[in-house]
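Here you get one chain, nothing else, as structure tokens; it is the form predicted alone.
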């Protein structure tokens, strides 16, 4: 979509984050969707107005909740670590967690809840195995900072870093089927290593996964 276009219904600029568009492509039109950690609703906006989904969002930051609600999006204040338990089994077709898994206190439990309340889960997260991260640790001996991980160690919401390989291992451990996966750069562009896990773990800045229960 060209720069400068706006949502036809709410008059806000549509997100230029390409990784959000890759996530949207994984969602079947007219599905029931819960977007966890939805921020100001940028992804939810795409899904509602371009994929015609029945979408809901939850967000822990009240300022972001207010911004989303002001744009007419159905977003409530809630915490992924504690509040997913209140949703019934199979309430959604897709449950999405975009660049938020690493900021949760109990990522394994969050994933389990996502695949309890949704038929499928879509998860994206920054890849701590990227070569720049490895090089920065080796060269400086300090926690690295990148465009995706642009916070000092003492001022970051990220508390559970992982690599693409770590995530594949967790899915295998808990019996989740990886239906689709992509290694992408910071802007959300597909990398040429998306079919090779080892190279993707080295060169992808973030991973996108579509999961279901085994």
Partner chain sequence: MHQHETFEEGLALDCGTLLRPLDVAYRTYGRLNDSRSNAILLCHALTGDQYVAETHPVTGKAGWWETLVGPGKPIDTDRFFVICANVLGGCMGSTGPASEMTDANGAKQGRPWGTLFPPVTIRDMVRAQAMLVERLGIPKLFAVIGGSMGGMQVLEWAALYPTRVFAAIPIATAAWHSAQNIAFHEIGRQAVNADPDFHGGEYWRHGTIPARGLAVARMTAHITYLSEQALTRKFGRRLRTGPMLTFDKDLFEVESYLQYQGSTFVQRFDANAYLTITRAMDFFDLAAEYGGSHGGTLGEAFRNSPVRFCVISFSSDWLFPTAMSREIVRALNAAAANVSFVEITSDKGHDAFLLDEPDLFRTVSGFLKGAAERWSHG
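Fair warning: this is a prediction, and the values are worked out from it, not measured in the lab. Residue numbers count along the first chain shown, from 1.
Just so it is clear, the following notes concern the form predicted in complex with its partner chain, a form of the same protein that is not shown.
Taking non-hydrogen atoms only, residue 112 never approaches its partner chain to within 4.5 angstroms in the predicted bound form. Residue contact check for residue 145: none of its heavy atoms lie within 4.5 Å of its partner chain in the predicted bound form. Interface membership of residue 174, defined by any non-hydrogen atom within 4.5 Å of its partner chain in the predicted bound form, is ruled out. Within this chain, residue 182 is remote from the site of its partner chain in the predicted bound form, having no heavy atom within 4.5 Å.
Shown here without its partner, the chain carries 49, 69 and 78, all of which come within 4.5 Å of its partner chain in the predicted bound form through at least one heavy atom. For the residues 42, 162, 27, 65, the 4.5 Å heavy atom test against its partner chain in the predicted bound form is passed only by 65.
Residues with any non-hydrogen atom within 4.5 angstroms of its partner chain in the predicted bound form fall in just one of 118-126, 82-90, 131-139, 96-104: 82-90. In this stretch, 25-45, the one residue having a heavy atom within 4.5 Å of its partner chain in the predicted bound form is 32; the partner itself is omitted from this view.
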